[in-house]
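The chain below stands alone and is given as structure tokens, in the form predicted alone.
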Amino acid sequence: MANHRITVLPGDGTGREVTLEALNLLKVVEQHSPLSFSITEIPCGGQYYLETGEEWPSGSFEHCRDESDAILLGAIGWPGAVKPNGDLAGGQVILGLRSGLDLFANVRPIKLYNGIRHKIHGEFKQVWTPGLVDMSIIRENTEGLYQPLLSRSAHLARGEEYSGISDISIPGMDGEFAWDPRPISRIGSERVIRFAFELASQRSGNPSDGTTRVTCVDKSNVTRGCQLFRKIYREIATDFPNIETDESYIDAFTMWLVRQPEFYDVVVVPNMFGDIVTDLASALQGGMGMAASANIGDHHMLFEPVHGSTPKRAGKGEVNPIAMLSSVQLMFEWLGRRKDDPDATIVSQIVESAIEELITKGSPLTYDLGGSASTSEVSLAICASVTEKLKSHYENA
């Protein structure tokens, strides 16, 4: 029986609500499959900071680093939770883990299930065709415009001092100004681009014609960092002659993404552009309530929904739990890969199947998908389906 060490960080607002549903799903899996879990729950985030003056308890970073096979995060961010230096309280958690654990690849699956209707002009309509949206966007996760903040957060998470980057003067620019460096390195680019090609080799190609393709998205017609990123993309592509290449500037890509999403298989993109374009892509799959993510490094993994803490809906029990439950599904998928655990892979497939069937059925669904069900009603329905599927699989195995 495989035992996996899971560290759970509920965070703030609706993050706490969907984390509860994630824990319920883990209980179901533990009860009806060979998998078992050692779960450590650590309070953290803006609300915790307002209550205690700390972003998370001392030693939390070390526990995540040394005592976790996977980390599950709810959401970070709460109104009024701002540190004296102006930083968002809780940033040390997510940014510190992202940098401190070197989680260099942010994986955002974009898949449209049958039954999803998009809210366009206030109405729920079927805009894109189910089955023709199935891509994975790989965002570089530790460099670019975020790098100075990520580095500072990692130092603070480890209890270390951080001197930061010295102020500069820019010729021709007078008066008050702010600047943000955007470092993009060969090492950082090589590993995330290679990650994208390796992931593409494990997929079934794009949904329109099955072509295995990696698209590089950047702004290399303008910026030096992107020129390096694309240069390295072309170098690494030569190691994968059976994978088709495709290149796009970020501004054009935003158009093609919504115009012909069926063309895309795996997309690799620098950090800030990736942050923006993955949120746009979430509209293809039904919105942020459907958007799961994995943060992957060579030795650590963190999984989270990307919808944030949604303070205006916190405590109402109405947010969509599927992004979180899909993040748990991703966690099982990667545990299966990293730990060579076939049962984790099977559970991943079963959870995804349960989610897909519920959406196809069309009930129960939360407000963002045109329904009126509560968070727990959706979660209970998915957990009930997972229970039946696990029983059927393991009793008949």
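Residue positions are given as counts along the sequence shown, with the first one as 1. Source: prediction; values computed, not measured.
This next part talks about the form predicted together with a small molecule, which is not shown.
Q: Taking 4.5 angstroms as the heavy atom distance cut-off, pick the stretch from 230 to 238, 91 to 99, 129 to 137, 314 to 322 that is near the small molecule in the model of the complex.
A: Single hit among the candidates: 91 to 99.
Q: Would the small molecule in the model of the complex be within 4.5 angstroms of a non-hydrogen atom of every residue among Ile76, Tyr146 and Asp275?
A: Affirmative, all three are within 4.5 Å.
Q: Check whether Arg108 has any heavy atom within 4.5 Å of a heavy atom of the small molecule in the model of the complex, and answer yes or no.
A: Because a heavy atom of Arg108 falls inside 4.5 Å of the small molecule in the model of the complex, the answer is yes.
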